[in-house]
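To begin, one chain is listed below as structure tokens, in the form predicted alone.
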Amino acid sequence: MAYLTGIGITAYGKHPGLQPLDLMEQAVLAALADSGLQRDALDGLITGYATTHPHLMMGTVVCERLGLKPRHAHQAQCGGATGAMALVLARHLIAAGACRHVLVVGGENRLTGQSRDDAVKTLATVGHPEHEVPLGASIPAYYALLAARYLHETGANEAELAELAVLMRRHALGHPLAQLRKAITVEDVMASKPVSTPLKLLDCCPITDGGAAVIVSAEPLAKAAIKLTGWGEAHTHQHVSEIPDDLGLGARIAGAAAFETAGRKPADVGLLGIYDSFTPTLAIFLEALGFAPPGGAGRAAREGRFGRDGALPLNLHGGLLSFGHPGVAGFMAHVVEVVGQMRGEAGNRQVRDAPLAYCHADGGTLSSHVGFVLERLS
């Protein structure tokens, strides 16, 4: 049994002068207040990494900063899937009886703590050190290759991908902590600056400062019981040059495992938190996981399927594309939003009752996938 009992998040955007540990501390304090726990109740800790604070032992660095003395302190590193992986690892620590309350935290000043060029260069190192990085490729360039293939194979077009960016921005408009809160149209996306064909600027998530924290516990606390009931991972390759022919393979494997362990199926889900670093990332996952037909994610977004009042509300905080992406904390914001929605605490963004949700993240270039099912038990 593992329950998500505390959530905390900072505003996403620019935080000049704040370091990764500052942002993590803010998020942790918010999560502790949300859970009602005191610091000494935390007997497990899993941190992510921070490219602007590249310490080899981030777990104990965070313990030292926050005055924590857990029985287990680990550091996870799996690119954009790190937060999701850490939550699943926290569940395993709970299930093994090793811990009662595990803190998962990520935070980084990726926007103000380094130059844009340094950020792009650092992120590009997920590429092959001999066959990709020396050619000057970047993360957007890797995903542009995937986008081109997705469009070729499915028959979808760039304007349909743009619908996903418009939807994420519409959702961000309702969240006071989101980084980008100016409404956009499909025409705006199509006319935005080319980044790496076919990706335009508004097809890409921004670089962000921010932090998020989630507490995983052996029992529910005072708030609604949000149980992690199913989980799955898939690690199909690392480098884009080695990606399987089936772009959605990793998502399919991880998602199927998550639903199997939960004893559920995708049709049971009423709320989604899906990783959306680029518009094609989101389209590939929605279609691979069975939430949209092949090539149809953009059209489904335009028709309202993923809106607040649609059949499958998606990333109601605005996702990476508009809420922002500060590394490990990027996907964790999806989890914070989903838990808040399941509890009925989302204010003007609140959806109808949503007792079962699915969350999914990937790291690298669709390299590592982690999916999990959350259910509200009370």
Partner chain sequence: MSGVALFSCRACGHVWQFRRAMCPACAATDIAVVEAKGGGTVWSATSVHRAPTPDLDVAGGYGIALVTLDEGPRIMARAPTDLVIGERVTVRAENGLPTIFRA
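Predicted, not measured: the structure shown is a model, and the values here were computed from it. Numbering follows the first chain given and starts at 1.
Quick note: we don't show the form predicted in complex with the partner chain, though the next part is all about it.
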Flag this candidate site as yes only if 224, 312 and 346 all have a heavy atom within 4.5 Å of the partner chain in the predicted bound form; otherwise mark no. no
Please pick out the stretch from 80 to 88, 176 to 184, 196 to 204, 282 to 290 that is in contact with the partner chain in the predicted bound form, where contact means heavy atoms within 4.5 Å. 196 to 204
Just to confirm, with a 4.5 Å cut-off on non-hydrogen atoms, which of 272, 93, 243, 228 contacts the partner chain in the predicted bound form? 243
In the predicted bound form, the residue from 148, 218, 249, 256 that sits within 4.5 Å of the partner chain by heavy atoms: 148
Would residue 191 sit within 4.5 Å of the partner chain in the predicted bound form, counting heavy atoms only? no
Would you please decide whether residue 304 lies within 4.5 angstroms of the partner chain in the predicted bound form, comparing each non-hydrogen atom pair? no
Should residue 239 be classed as touching the partner chain in the predicted bound form when contacts are defined as heavy atoms within 4.5 Å? yes
Should residue 263 be counted as a contact of the partner chain in the predicted bound form, where contact means heavy atoms within 4.5 Å? no
